[in-house]
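First, one chain by itself: the form predicted on its own, in C-alpha cells.
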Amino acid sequence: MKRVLLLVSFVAAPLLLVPLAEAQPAEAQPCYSLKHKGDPGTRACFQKLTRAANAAVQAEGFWGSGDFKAANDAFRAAVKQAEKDPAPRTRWGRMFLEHWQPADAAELFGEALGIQPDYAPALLGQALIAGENFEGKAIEYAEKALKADPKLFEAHELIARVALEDNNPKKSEEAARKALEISGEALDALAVLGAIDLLNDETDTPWMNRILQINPHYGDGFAMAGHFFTINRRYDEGIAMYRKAIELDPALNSARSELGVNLMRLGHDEEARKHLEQAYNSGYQDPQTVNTLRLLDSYKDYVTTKTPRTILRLHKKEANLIRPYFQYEFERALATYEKKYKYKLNQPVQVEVYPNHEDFAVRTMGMPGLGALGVTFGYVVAMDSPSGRPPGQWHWASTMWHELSHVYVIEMTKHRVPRWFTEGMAVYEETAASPDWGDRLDPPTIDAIKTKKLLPIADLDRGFIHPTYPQQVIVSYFQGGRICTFIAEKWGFDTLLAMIQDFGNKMTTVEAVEKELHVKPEEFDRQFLAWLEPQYKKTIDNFDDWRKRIRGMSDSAKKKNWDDIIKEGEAIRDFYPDYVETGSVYEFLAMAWREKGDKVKQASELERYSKVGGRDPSLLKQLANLQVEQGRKREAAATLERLNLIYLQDDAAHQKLGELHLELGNPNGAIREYQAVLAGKPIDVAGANYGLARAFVAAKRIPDAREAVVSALEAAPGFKPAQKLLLELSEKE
C-alpha cells in the first residue's frame, strides 16, 4: 500500500516530547535532547539533519522541521533501504499518528511487529493509538511494551495517563513514579502528577514547577492537565489550563485548538472562533479544528429563543415545528429537577438541537464514554434533533431529561462527580419521568450479567472511559442506572442527594458508599447483584431459546402461518419482555391478530408494546387508529402524544391528534398540533388552517381564528367549510 500524507500544513503537537531513542537514528538524538529542554537551537539542529545522506536521518530532520511531506517521502525511502528493520516503520507510524492518520500508523506498527514481534517502540505505538481512542487495550499494549523493554518509561507514562482518565489517581501516581525512576526528566510523568494535584485543587504543584525547570516552554504539561479537567467535565478549569499552555508556548496550536473547542462547549462562540481560526491559520488543521470551524459557520442557520431560565437553539428549517414541544419539556424538566434536587440553578441552561447528526458528532468530538444522542457541558446541552435519526430510533424527550439531570448533578457537585454516578442518575431519571422512557435491557447487557462482566462500583468509571469489550459503555450506562435505582429503593432518594453533596465535597466513590450506605463497596456489590439478577433471571435463562424461537416466528410470518405465530409468540413473549426493536414478539403477534381479523387482540398487543417502551411510529399510529375505532379516543390521544416525544416530522399524526384534542375538549392541544401541521408545510394548507381556526374558536381566541380562516381561504378560495366559519365569526362581532 502506498501511504499518502494528508495534504494539510501542520505545526507539531507531539504525543510524547522525547521520542524513543531505541527507534531513532543516533544522529537525531542531539536534536531531540535540545527539543526536550525547549532550546531555541532545536529547529536549526533538525534542519541540519535534512542534509544527511541516510534517509532515516533525513526523515527525522524534515519531521522535526515541520515539513511533513518531505519527511513522508524520506521515511518511504528509509523503509526501502532497511526492509528488515522495524525502526523506520515505527518512526514513520509515530509521525502518522501525530498527523491525525491513526489507521496508517497502526498499519506501520503492525508491519514493524511483523518483522520483530516484541519490538517495544511499535508496541508502544499501538498503546498510544488505543489510548487516543479511549480503548481498554491501551494498558495491555503498554504492559507488553514494558515486558519487551522494562526501561521504556514512556509506557509507564501512558499507563499513568489512562489510569487517571479512569479516575484512579493512586494507580496513576504509581505508574508516573515508575517512569520517573527510569528517567528523572520524564515530562509527561511529571505532568500527570501535577494534574493529580491540580484536580485536587492544589494550585501550586511542585511537579509543574519541575517541568518548567527542565523546559520553561513546555506548555504540553498544562495542556495535559486541561485534558484531565475536560474529561472530568470541569470545563472552566480546563480552559484555564489551556490558556496557561499557550502562554508558555504560543505556537502550541494543539492546546489553542482545545481551548477554542472548550470555549465553544460553554457557549463562548466568539472567543472560540478566534482561537480556532488562529490555530487553523498557523497550519494546525486537524479534523476537530476544521470541523468545529465549519460548525460555527453553520450557526447562522440557527435561531435562538430565550426565557429567564432557558436558551433554546434550533435550526431554522425545523424551529417552528419542534420549538413548542422542546420548550415545554425543557421547562417541565427544569421545574421537576429544581424541586426534586432541592437546588436552584444560578444561570439559564442552553439546549442546542442538531438535525444533522454529523454536526452533533462534531460538537461532542473528543469526549469519552458518551451516549450517542446528547451531551452536557455544564450549563450547555447539545443533542440530536428527532429528524437527525431514523423515525423511532430514539426518544428525544428521554434524552433531554437525561442531559438536564447532568446539569443539576454536575453543578451541585462543582463538576467533581464520578462519571458512573452522573450517568447512573441520568438513566435513573429517564424512567422516573415515565416508565416507558429510557432504553430497554439489551442483548449485550444480558450477556454481561450472565457472564459476570459487570464492574465493581469502585471501578465502574473505567467501563465508560476505557471499555475492554464491545458495548461495555452501553452496559455501564445500564449498570449505573440500576445502581441508582437500587440505592433509591433501599436507602431512599435522599441518600442519592446526600451522595451528590459528598462528591461535591471531593469524596471518592468508596468514601461516599461507606458514609451514606454504611457498607464496604464489596458488600454493596454483593447486595446489588443479589437485587439485580433475580429481576432478569427469566430473560437470561431463556435468552438463547427466545432468540432461536423468534427467528422461527419470522419464518412463520413469511409463510403466513398466523396460528403458529400466535401460539409461539404467547409462549415466549414474557421470556424477554423488554425487546421492542424491529421484529419483536409484540409486532409479530399484532400482525397475526390483524390477519385473523381480531382487532381487539391486535390492539392489546400493541398496547403492551407501547407500555414497555416500543417506539416504531408506524406501530404507534396503528395502535392509535385501533383505539379510535374502539371509541377510546382519550387513549388514542395519549398514544399520539407519546409519539410526539419520539418523532415530530409526521403531519398525519399531528392532524389526527389535533382532531382528537378538539373532540376531547382540549383546544390548546389542538392549536399546538395544527400549528405543527402548518410548520411541516403540508400539501393541504387550507385544511390545516381551517383546523387551526376551529381550535382557536374553541379556545375563544376569535381574532386568531379569523386570521387562520382567512389564511385557509387564501389557499383555497372555494373551501366551503372555511367560508361558513368566516361568516359565523363575522356574525359574532
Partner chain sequence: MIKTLLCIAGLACCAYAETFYLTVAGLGGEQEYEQRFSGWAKELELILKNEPGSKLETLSGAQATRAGIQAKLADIAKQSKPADNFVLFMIGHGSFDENDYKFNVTGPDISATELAAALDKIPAQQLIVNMTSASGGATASIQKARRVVISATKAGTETNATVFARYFIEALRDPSADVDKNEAITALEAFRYAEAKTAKFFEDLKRLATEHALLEDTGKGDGVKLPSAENGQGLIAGRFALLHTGTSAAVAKDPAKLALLKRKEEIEAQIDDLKYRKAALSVQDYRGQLQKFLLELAKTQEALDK
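Residue numbers count along the first chain shown, from 1. What you are looking at is a predicted structure, and each value in this text was computed from that prediction instead of being measured.
What follows is about the form predicted together with the partner chain, which we do not show.
> Among the candidate stretches 39-47, 680-688, 26-34, 66-74, which one is within 4.5 Å of the partner chain in the model of the complex when only heavy atoms are counted?
Among the listed stretches, the partner-contacting one is 680-688.
> Contact between P391 and the partner chain in the model of the complex at 4.5 Å, heavy atoms?
Looking in the model of the complex, residue contacts with the partner chain include P391, since a heavy atom lies within 4.5 Å.
> Does the 4.5 Å heavy atom contact test between S387 and the partner chain in the model of the complex come out positive?
Yes, S387 sits close enough to the partner chain in the model of the complex that at least one of its heavy atoms falls within 4.5 Å.
> How about Q649 - does it come within 4.5 Å of the partner chain in the model of the complex, if we only consider non-hydrogen atoms?
Taking the distances in the model of the complex, the answer for Q649 is yes, it comes within 4.5 Å of the partner chain.
> Is K538 close to the partner chain in the model of the complex, meaning a heavy atom pair under 4.5 Å apart or at it?
No, no contact at 4.5 Å.
> Between 692-725 and the partner chain in the model of the complex, list the residues on our side with a heavy atom within 4.5 Å.
Result: R706, E707, V710, S711, L713, E714, A715, A716, P717, G718, F719, K720, Q723.
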